[in-house]
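The chain below stands alone and is given in structure tokens; this is the form predicted on its own.
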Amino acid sequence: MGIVDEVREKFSELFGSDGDIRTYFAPGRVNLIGEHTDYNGGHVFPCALSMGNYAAARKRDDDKVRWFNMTYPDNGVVETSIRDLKPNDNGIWYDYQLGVIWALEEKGYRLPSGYDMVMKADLPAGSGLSASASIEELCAVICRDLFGLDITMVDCALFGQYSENKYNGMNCGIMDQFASAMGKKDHAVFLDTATLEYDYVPLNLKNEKIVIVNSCVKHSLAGSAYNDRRRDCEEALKEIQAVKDVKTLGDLNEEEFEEVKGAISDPVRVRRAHHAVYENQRTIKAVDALKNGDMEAFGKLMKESHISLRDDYEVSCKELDILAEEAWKTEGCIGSRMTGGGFGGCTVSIVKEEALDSFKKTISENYRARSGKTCEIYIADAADGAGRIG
């Protein structure tokens, strides 16, 4: 039985099988390059995954929501009114959905009623693959479809980001929600986060695969060092703006940054801004390399990205460094880096198809030997974005 059948069966068991029951899917995402650039006015290059969150849902006649998550069955059925929502930073799965309903109402889209919903994930939580954004976009498309809201999928992404910022207390950028909402099968999304202009770039990987390795170290970002990094960049930008007319760190290229970095008074903020500027330029170069079929250049930029995230932005961890280091020296690996917010989670690697088996074996064994932990390995497929599937 597939996940869609499982959620429909559980829905009928909990809430009955009558009425208009609809099914939905919202993917997680992996970011190939362009980390911590999305709230700095830079570019990102993610793709939606074939892993994510599935749901069955049906409208109610009152203002209640009743939700059950098969991934966390011990939570039981969560029931609340959609008219009495207050922001919090609990970080519980249903808070990310309640936050979207809150955001919709804040933006003028008052839901006429609540709904019943059962959901299940095949995306590991806390892995840096945007489980929270997947949950947000799942809620957004359910509300959009069930209640006929006149909103676009870009709106769904923006409402998801707004809810995570304002309801959940996590000052994330737009990348995760945008990738989940706007993904396209066999493509990555080259997004300018300053303008929301985007381009679908075919993943012309003729003899290569995208491999995600989960360190199985869960990250917790809300109320953490993630928000500190954002503040560092905002303060660095203000210092730069005193000497140069720029709106974001993403407006600067490498040469321009070197000319003005002396305006930043704190060495830590210099490193943070250095990463934001150089990572943005790496992302632009990496997309050009992919379009030109230069996978060697793409892989080199991935490695430089990880080193910058480790040293300048300081969002890696021992386990992610081990995975990246082992990948760099494994035959058939073109490039590897941590992906996501950091402090745990996953690496993403480009691996030649003929080397997949040896890559998985080598990484698993060496990671266990060096960290004492067991990793999980997935072959990633770029998928379509969130929407109704039945």
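Note that residue numbering begins at 1 and tracks the sequence as displayed. Being a predicted model, the structure only gives us computed values, none of them experimental.
Heads up, the form predicted in complex with ligand GLA isn't pictured, but that's what we're talking about next.
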Distance check, residue 94 to ligand GLA in the predicted bound form, heavy atom within 4.5 Å: no
Residue 278, heavy atom within 4.5 angstroms of ligand GLA in the predicted bound form: no
Proximity of residue 175 to ligand GLA in the predicted bound form, heavy atoms at 4.5 Å: yes
Distance check, residue 257 to ligand GLA in the predicted bound form, heavy atom within 4.5 Å: no
Per-stretch contact check against ligand GLA in the predicted bound form, the hit in 58-66, 327-335, 348-356, 32-40 (non-hydrogen atom, 4.5 angstroms): 32-40
Of 226, 167, 115, 190, the one that lies within 4.5 Å of ligand GLA in the predicted bound form (heavy atoms): 226
Heavy atom contacts to ligand GLA in the predicted bound form at 4.5 Å, residues of 339-369 in sequence order: 340, 341
